[in-house]
Each structure stands twice: as structure tokens, then as C-alpha cells.
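Just one chain follows, in the form predicted on its own, and it is written as C-alpha cells.
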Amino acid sequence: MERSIRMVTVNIDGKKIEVAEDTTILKAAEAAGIWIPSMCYSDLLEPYGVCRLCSVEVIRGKRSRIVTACNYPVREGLTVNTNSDKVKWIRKILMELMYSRWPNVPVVKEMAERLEVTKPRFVSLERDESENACILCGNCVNICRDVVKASVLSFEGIGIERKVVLPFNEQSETCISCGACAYVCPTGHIKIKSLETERGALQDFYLGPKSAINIPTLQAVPRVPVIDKNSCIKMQTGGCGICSEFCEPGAINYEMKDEEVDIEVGQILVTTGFNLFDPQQIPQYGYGRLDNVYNSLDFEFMLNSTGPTGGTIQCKDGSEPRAVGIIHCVGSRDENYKKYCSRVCCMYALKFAHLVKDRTKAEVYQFYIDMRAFGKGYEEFYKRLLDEGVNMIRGKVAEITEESYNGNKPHLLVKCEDTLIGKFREIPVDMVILCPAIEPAQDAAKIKKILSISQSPDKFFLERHPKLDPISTMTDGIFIAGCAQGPKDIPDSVAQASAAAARILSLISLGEVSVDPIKANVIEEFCSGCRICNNLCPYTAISFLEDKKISDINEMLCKGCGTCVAACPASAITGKGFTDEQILAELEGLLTV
């Protein structure tokens, strides 16, 4: 049921305006375009007038009084003077008190200038000359208690000894690091420390806005915001909920949870993608330890126009690099890590070199083992890079260190072998880009068990045949495409996915499919229920029937491999078309010839 809103007329500095009853004087004046100063007001908090700079004169009938505009509601016929001599005098006194105690805080200095206070007439006993001093507005305490409902911050002491503290002056486990206190702090006294400023810290190159409600990526389809439950205050403490008040369609539902939906399907296409090898496993390359050492995805995002640098290539201190080193095969083609070739690294490393040359004046050094430009137009692109002046050094990088000469800014030193000239070299650069190995998805082993498909020794999913059937698996109806099957670039991934989709559609169009008649069969009277076969079946086609105490074979899952037939101690499992009687009859027929 909608509640009717009663409108009242109020006179503010001679202006008659109509506003909803119970609107504060501060809000009403704001609607009329009249400025009232305040150092403690925030739309997120219940106003309580601690700074008292918003004091105004209220006249009702013959009675005049001074009130704080941020929490005094308007009434019909109310007259408000926001700039009378009495109000000005009160504000100047209050401003002088603040200015004398916190003379260098920017927001205090700006407010004093607007209120025409140039110099306080007295000196505070608790003078704090820091630029980000706490002015005791209490916004941080109130938002932590009333909005976040964590109650981590509180006031301690009285009078001039009053200050904001943590419980027992120690880091509290109750704090959820939401940053609300820093958001409402007018002076910057409370700061959220970014780990990105730490030496060698990995850049947090997230693809979307960094907030509790965000669109997963800037190119997301559909562009629908989601709530990160690990960051949302409402889901952590039960507080806040401000977003639901501002959402006009009422689309926010905090009670909504992830659901598991069972869908009957006839075929499955597995496209789990890939992970990048973590270069921190090779500590001599300095990733996560030295500044300006990035992996391929870090640098790719730096190149993006929507990235943290707007597409410009720059070092951590904001300067343009003088020289850039690009290291191939980080973790791949290595007996200690990944033995296989990641296939795409050479070409995207060449792309990086071209873009660095195009956007900066930096020298580019490529450190490679073998240049594998195998695709259409790839060799031509490699020769183009040589013409652009990219330095190609054939040899493995041994170590990356940080050196400084004559007190100058430290730079990175790439120590490597150059097999083409037979020498050990040390190349000074300002930025290093690592090209890590492509790994299978983290949950590939879990998916393998669920779908009863196999993995090759490199842990990618195993195809039925590497040449004749690279998209099918040994389990009918389950197909693989993209980097789920092995490292590959975009054109190959698209081609394989198209082939898999065509195969799936061709089977759907048939309506009925033929299955191989060679299956295993359980002779019920011989089965003792030992369950040995249940654990041996590679296709999980055998289940145990509790009511009959025997094993049963699902003919649609069974591939007739014969593992269970050979393992059954009671010979209770036979292969259709390959029973002992049939095989003996065949042998007798051969021997009689």
C-alpha cells in the first residue's frame, strides 16, 4: 500500500518552496539552491549535527532558535534564516575552533575560506598540523555501526582527548575490509592500502569495476550486474542494503542463491578453456618479486584501451620503458615443468613486440628457443618484425635481476645465452614480459570423472583419434573443442568448435542413432556381488543393484572393452558376440580347415 506524502510550504531566506513534510532543512535548502556548510553530513548516514556548521536560525511564530539544519525537519509555515548575522557569528566561531586545531587539512582550509575565516584568534591545545588529520566528524564510526553493522570503530576519551580507535588498538577480525569508513572520511585520514604499491606486487588487472556490484567484464553479454557475495556488506553482516533503495525496478534480491538445475541432454560439448602457468614457480624470473615483470595477460590488459593505463605502455612509475624484453617458453618445453609446446606463445610474443614498437620508442628483445611461426601469414609477420628492428636472441634466459648504476633508477638485467653467437649476454631493460605455458583448466580432473572421459599425459582431455577424430572422446555423445583438447590459437579453436557443433547437429537431425552391439553382459545366477567390476569399469557403466545383490551393466555406457570380463573371478560377465562358446567354436572351425 502506497503512503501518501504530505507537502508543506517553508520559507528559506525569503524563498517559499514546497517540499515533503519531515524533509530536513539542509535538503530543503539544497532543493532551493541555497548552500549550507557542513563537515559531517553524508547521505548514507543518519545526520546528527556534530560539527554544527550547518546551524541555522528557525522562526516559528514569535519564537526564534538556532538548530542544526542536517537533522531538523521542516514544518508548515516555518521560516528559516541560513545567513543571518547571528548564524554567521556562530559559524565563524565554530570554524575558528576547527581551524586552530587542524590548520593544514584541505577540507578545513577550504571551508574556512568560504566562511571568510582567514586566521583563528586562539591556538588549540591539541593542534594537529598533518594534512590528513582526523577532525572527529564521526562518519567512520557511524557508518561502521549503523550501515555496515560491524561496529569495529568507536570513540575513545572525552573533550580534547577524544579520538577514533580500534578495539584494544589492534586489528579486529570483525572488520570485513569493506572500505566504507575510508569512503565517508572527508580528510583522507582513513586509507585503504593497495597492495599494488608494494615492491614487486602483482597487478590486479581485473576486467570490470572493482566494487561489490559489478558487471563481470566490460564486454559481458548480457550486460547484467552481479553481486559479489564475498564483498557485499549486506551478505557479510546484514547491514547496508543501500543499493536496493536506489534500484527503481526493485531488481535486487539478496536472498537469491545459486541453483543447480538438472537438464536432460543427449550430447555434451566440453570447452573448459585453459589456465596460465604461474611464473612464480620459476623464482629466477622475478615475477611477483620485481617491479615491471608481467605475464602475457597482464601486458595484454595494459594494451587494452579499457585497461588501467588506457592502452599506453608504461612502467610502474608511469615512465615509458626504454627497452622491453619478451621471454618465450616460460614453463613450457621444460622437463622440470611442462614438456609440451604451448603453441601460441611465439605469435602473441611477436604481436607484443609489434605493438611496443608501434606505441613507444623502446628497443625490443625477443628471447626464444625456436621460433614456431606455423600458420597462414605467420612467417611473413615474423619477417616483418625483423624489418621493424626487433632484436631476436636465440637462447634461454637464466635469470632476471635488478641492477642500478651510479645511483640512477634501477633497471632489470636479463641474463641469457645467445646460441647464434655462442656467448653469454646481459641485456638491460625496463620491462619484462613473460610468455607462460598454457595449462588445462583447474577442474579438468573433476570433469573427467563426471563425464567418464580420459586425459592425456599432459592432462588435457584425450580425443578418440588425434588425426581422424580430434573432436570426439571415447564416450559417445561427448565432444571436446578448443584448449580443453590442447593448446591452440583462436582460428584453430573456432574451426574445432564449428566441427564439433556440426557433428552434434548431424546426430540430432538423425533422431535415432546406431550403437555398437558389442557389450558386456552379466549372468545373474553366477554373479556373487563382489563388486570388483564396479571399480574397474573405465566408463562407470556398471552399478550395483542392492535389491538383487548383483552388478548391472548400462548398455548405453558400456563400450565392450572387456575389462570387467577379464576381471570377474566367477566368469559371470561375458561379452556379447565373444562368449567362450563362440570363441571355441571359431577355433574349432579354423582347425578343421
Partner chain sequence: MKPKLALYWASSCGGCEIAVVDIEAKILDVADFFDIVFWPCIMDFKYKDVEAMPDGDITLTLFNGAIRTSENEYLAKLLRAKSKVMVAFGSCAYEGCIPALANFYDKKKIFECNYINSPSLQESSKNVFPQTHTQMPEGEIEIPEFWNTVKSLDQVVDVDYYVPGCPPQSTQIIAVVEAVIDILKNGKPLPPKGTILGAGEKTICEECTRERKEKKIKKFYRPQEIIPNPDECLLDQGIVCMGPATRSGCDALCIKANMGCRGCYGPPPNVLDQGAKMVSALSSVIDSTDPKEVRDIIKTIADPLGTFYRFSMAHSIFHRVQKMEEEEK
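Here the structure is a predicted model, which means the values were calculated and not measured. Residue numbers count along the first chain shown, from 1.
Only in words, not in the display: the form predicted together with its partner chain, which the text now covers.
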Next on the checklist: Tell me which stretch of 58-66, 29-37, 44-52, 561-569 has a heavy atom within 4.5 angstroms of its partner chain in the predicted bound form.
Outcome noted: 561-569
Next on the checklist: When the contact criterion is heavy atoms within 4.5 Å, does residue 547 count as touching its partner chain in the predicted bound form?
Outcome noted: no
Next on the checklist: Since only the chain is shown here, I'm wondering whether residue 494 would be in contact with its partner chain in the predicted bound form (any heavy atom pair within 4.5 Å).
Outcome noted: no
Checklist entry - Using heavy atoms and a 4.5 Å limit, would one call residue 538 a contact residue for its partner chain in the predicted bound form? => result no
Checklist entry - residue 527: heavy atom within 4.5 Å of its partner chain in the predicted bound form? => result yes
Next on the checklist: Please identify the residue among 523, 507, 115, 515 with any heavy atom within 4.5 Å of its partner chain in the predicted bound form.
Outcome noted: 523
Item to check | Sequence-ordered residues of 490-505 touching its partner chain in the predicted bound form, heavy atom within 4.5 Å | outcome: none
